[in-house]
Each structure stands twice: as C-alpha cells, then as structure tokens.
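Coming up is one lone chain in structure tokens, specifically the form predicted on its own.
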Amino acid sequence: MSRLAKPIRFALAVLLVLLSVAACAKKSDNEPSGSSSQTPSSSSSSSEQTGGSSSEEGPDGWKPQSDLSKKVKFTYTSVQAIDGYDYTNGDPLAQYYSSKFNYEMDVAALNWDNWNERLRIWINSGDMPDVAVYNYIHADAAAFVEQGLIKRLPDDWKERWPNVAAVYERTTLGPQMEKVFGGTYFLPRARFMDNLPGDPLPNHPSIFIRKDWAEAVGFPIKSAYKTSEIMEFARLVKEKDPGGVGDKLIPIAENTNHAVELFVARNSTYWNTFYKDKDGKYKWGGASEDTLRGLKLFSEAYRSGLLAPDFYTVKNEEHGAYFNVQGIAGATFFQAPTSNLQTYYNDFKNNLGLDPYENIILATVLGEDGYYHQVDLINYWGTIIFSPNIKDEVFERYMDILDYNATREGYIITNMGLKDVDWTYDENGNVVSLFDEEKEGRPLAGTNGKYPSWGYLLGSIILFDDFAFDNPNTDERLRELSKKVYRERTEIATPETFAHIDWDYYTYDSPSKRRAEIDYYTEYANLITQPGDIEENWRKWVESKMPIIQPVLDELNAKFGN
C-alpha cells in the first residue's frame, strides 16, 4: 500500500510560543449588524453553553485559543459548496468538526459564475456572512480595506495561531498585502506548503488528448505541444473520426475561459495585464504581438470547426465532461491539479470503459516560440476574510479551526477523512490509507461521496494541491506524472516567458487602474467570433480601449518606469 512520502512539519519553536499564550482573549458582546435577505441567516451568529473544554490539547501540543465549551453559530459562504447541504451534521466528517469545535455553520453556496459578483454585493452592502472565501482581486480588495468593509485581524494573531501564520508566510501574497495595507485583512490559502513545484509557480491546466485516437491518426505522443500542434491533431480527428463519434464529435472541447487560456495565454505571457518591457517602460499586454498571434490561432480554430460553434455558451467547467464522460472530444484544455486527476481518470474509466493510463495523454501546451508562457501563479488560491461585525468568539473559533487544520493531523483529516476509519499511521508514523473506493462503492467526496462536506468548507488553510503529491489515495502514476508536468514547465521556459510577479504593479492601486479592469476572456471570445479579419478587429479593439489604458500606462511609467 502506498505511504505518505514525508510528514508535514511545522516549527516546534513557534508552537512553544503558542503554549505560553493565554487560552482565551477578551470577548466582545457586540452583536453583528442587521441581516439582509441576500445573505444566509446573517442574524444567526450567536452562542450558547455546552459541555467541552477550552484547554484540551490536540496533536503536536495544539491548543485552542477560544473557549470550546461555549457553542457558537456563524454564517459562511464560498464557491464549491453544495446548495442546501447541512455542513454541521450532514455526514460524519462534518459532525467531527462541528462536535470538536462546538459550532453550527450556516453555509451560502456560491458557484463559479456568481462567486465574485455576489460576494462583492454582500461586502459593499455591509451584509457579508461572518466568514467568506474571497477570490482576491487587488482593486476591490483595496477598496474593501479603505472603507472598513472587512475585518482587520488583531496584531497578535500570528503568535496566537502560529500554524496559520506559517502557512500565511508561505503564500507570499499574505506578507506582501500586509505591507501594502499596514495590517492583515486577508488570509490566503496556500496551494503548496511542503511540495512547492517551482518558483515561479506553474499553473494547473493541461491538455488532455485521446491517446488511442492520436495513435490511430498518426499523431506523435509527447509531453508538450505547441498550440498549432494541438490544432493539427484536431484537424486529423475531424477528418478521420477515429472514435466513430459522427456528428457529435468535438475536436477540441472548451468553454470561453479555457479556450482563451489555450490559444491566447499560452502564446502571450502578459495577455491580460500590464508589464515592464526590456526598455524599462510599462506596456499593455492586450496590445502585444504575442496576444495577436494567439488570437489568430484562436480565430482559425473557431472558424475551421476545431472548436464547437457554441463553445462560449458552455458553463463552468462542463467541457471536461465531453472528454471523460461523453467521450466525444479528441482533446480538452482543462484543470489538471494532482488533487483532481484521480477523479477525472476514474470517470474516464467508468464512463468509457477504457484504461485512462493507456488512453490519455496529459501534456503541457507551449507557445509558437516553443516556450511555456505564464506569469507566476503565486502560491495561493482564494483568501479567507471576516465580516467587520463578526463576534470575537466566532472569529477566534474559526481561527482555531484553521490552526488545527494546519497541524499535521488536521491537515491529513482534511485530505483523507477520519483517522482510524479512512486512514491511520503505521509503526513508522507514515500515513496509510484504509479507504478503498471500489469496496466503498463511492468516492470520498462529492454529492454522491462518503463525505459530501469534504472539501474546503470545513476550515482548510492549505489546499489539496500540496498533499496530493503524497496522498496514498492517488495512484502513484498520477503523482509522478504531475511532478513531471510541473517540473517541465519551469524547464521549457525563459525568465521572459515565465515571469515572476512584478509586485510594484500588482500592489499599485488608483482610480485609473480600477477603471481599466477588463473581462479579457469575454472580450477575446467576442473578437474571434465576430465577422471580419481578426487582426483588423483586434487593432480596432486596442484603439477602443486606449482611453482607459493610457492613463494607467502614464501612471505606471511615472512611478515605476525607468
């Protein structure tokens, strides 16, 4: 049976500091402000006495900072939640956390389409839930801080919750934003803690190609392809239909976002941002020749029928199912973190009756220059924020949950389920799995899984990406494949094509920069689907955007340009 390669360790010295800190801080009796019909039972934040102890030690000497004998109720919102599910008592994992930390949680489920806008409305109206997972957008974040719309964490939070603090330092974003805002308002959730695969950090999406179809049409098997090579595969599939799919065939299945990522972003490092060029002056990536190159390929793929004619109507990430569920797609550029691959490969096997390890090519997409293009992903995804009206005991309780889940044992539970039920330690302290999906007849997670609550909604501050490289529930072949994919992206690149974050630009904020926020995905999709010459359409588009772009360029060059 596979075993965890290396345990997750946190600085013992810091933990010793925790043990010397008082278990409870001063509580506030202030109630949250009035609720809105837009938010999930915002007025339910309250507390009551139950049995329990506030001083109980956990793994690695972990101790709570809040009084666990006092029950708290709080509201929470995030993407990826199951609408209407009981995250307090709905399954044994939810029950474990709600019992251990003595809470009731009322969850408002957001989806990929409304996550940003719905939460923005709640925050701006003063009606946000007690705890939220926020998709960090710096312009909005700066406005929230300026207007006092989210909670500033107490100055001593790092000493009180050192495990969270260790994760916070690892994210890079957290300390950078602390410098900008003069305090902590956002707790980024780390993608990687012990298994950071590169600096700069590569992104997850990869091209999935039907290997059996590639062999049938004589297409080469490689670990990386230029965009034009993916298009050549799609042409061969469209012409020869090796899977006998007929009219349902989609050579390359995408939605708007992933199509733009495949064609434009893989050819243009700065396709959706500003950047400092070699001459020391700031330029706009939307107007670069690299972006035009990607748009031309995008337009060609669309007009030649390599993409579905209605690809822009596909919602969320449904296009991935055309490949691994329906089996009608030759390729799809899709999310491919190690933590998701096992489920994706299992679905391929269960729905198509084919061995995914023999019939899928998972590869990196390169630009036409032969290099991998990307700006540093930054080691985080989603930030935890708190309402400015959250009660102190609720805030402290949730911080306790985060801190516990950043211990070794808490982190394993968030990834593998309940100790001695779904996993255990061997005689050497390594983790071994007790979960057998085939015998169980269902996966650990998902609406039909053993634990529908399993995911990021029970207090994760480290995401599944890191543990996935060591998780014994993931096939070792997928773990090794993922390591290879991430490693190669850092190798098949230059400092110019795979760039570090320009923190001067990233943290710069002004009314002009806020006005220049553009939905590049929609704009680029509109460009390639409208009639006429793509280059001419692009030049007109660039010209139309300059009234909001030029002021930003002028400001950046005056402040940071050489």
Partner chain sequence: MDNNALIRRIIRSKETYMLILPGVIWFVIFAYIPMYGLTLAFKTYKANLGIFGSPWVGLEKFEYVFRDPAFMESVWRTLWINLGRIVFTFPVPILLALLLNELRLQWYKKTVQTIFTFPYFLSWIIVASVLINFLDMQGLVNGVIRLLGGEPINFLGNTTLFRPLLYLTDIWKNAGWTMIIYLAAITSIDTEQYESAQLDGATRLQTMWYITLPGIMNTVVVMLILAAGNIMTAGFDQIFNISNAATAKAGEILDIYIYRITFQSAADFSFSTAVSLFRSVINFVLLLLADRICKMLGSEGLFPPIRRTARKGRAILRAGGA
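Bear in mind that the values here come from a model prediction, so they are computed numbers and not experimental data. Positions refer to the first chain, counted from 1.
Quick note: we don't show the form predicted together with the partner chain, though the next part is all about it.
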Just one stretch in 303-311, 156-164, 391-399, 289-297 has heavy atoms within 4.5 Å of the partner chain in the predicted bound form, so which one is it?
303-311
Taking the partner chain in the predicted bound form as the reference, which of 476, 146, 169, 426 has a non-hydrogen atom within 4.5 Å?
146
Identify, from the list 71, 276, 349, 120, the residue with a heavy atom within 4.5 Å of the partner chain in the predicted bound form.
120
I'd like to know whether residue 517 contacts the partner chain in the predicted bound form, with contact meaning heavy atoms within 4.5 angstroms.
yes
In the predicted bound form, residue 124 touching the partner chain (heavy atom, 4.5 Å):
yes
Within 4.5 Å, heavy atoms only: does residue 438 come near the partner chain in the predicted bound form?
no
With the partner left out here, check for me: in the predicted bound form, does some heavy atom of residue 247 sit within 4.5 Å of the partner chain?
yes
Would you mind checking 500-525 for residues with a heavy atom within 4.5 Å of the partner chain in the predicted bound form?
511, 512, 514, 515, 517, 519, 522, 523, 525
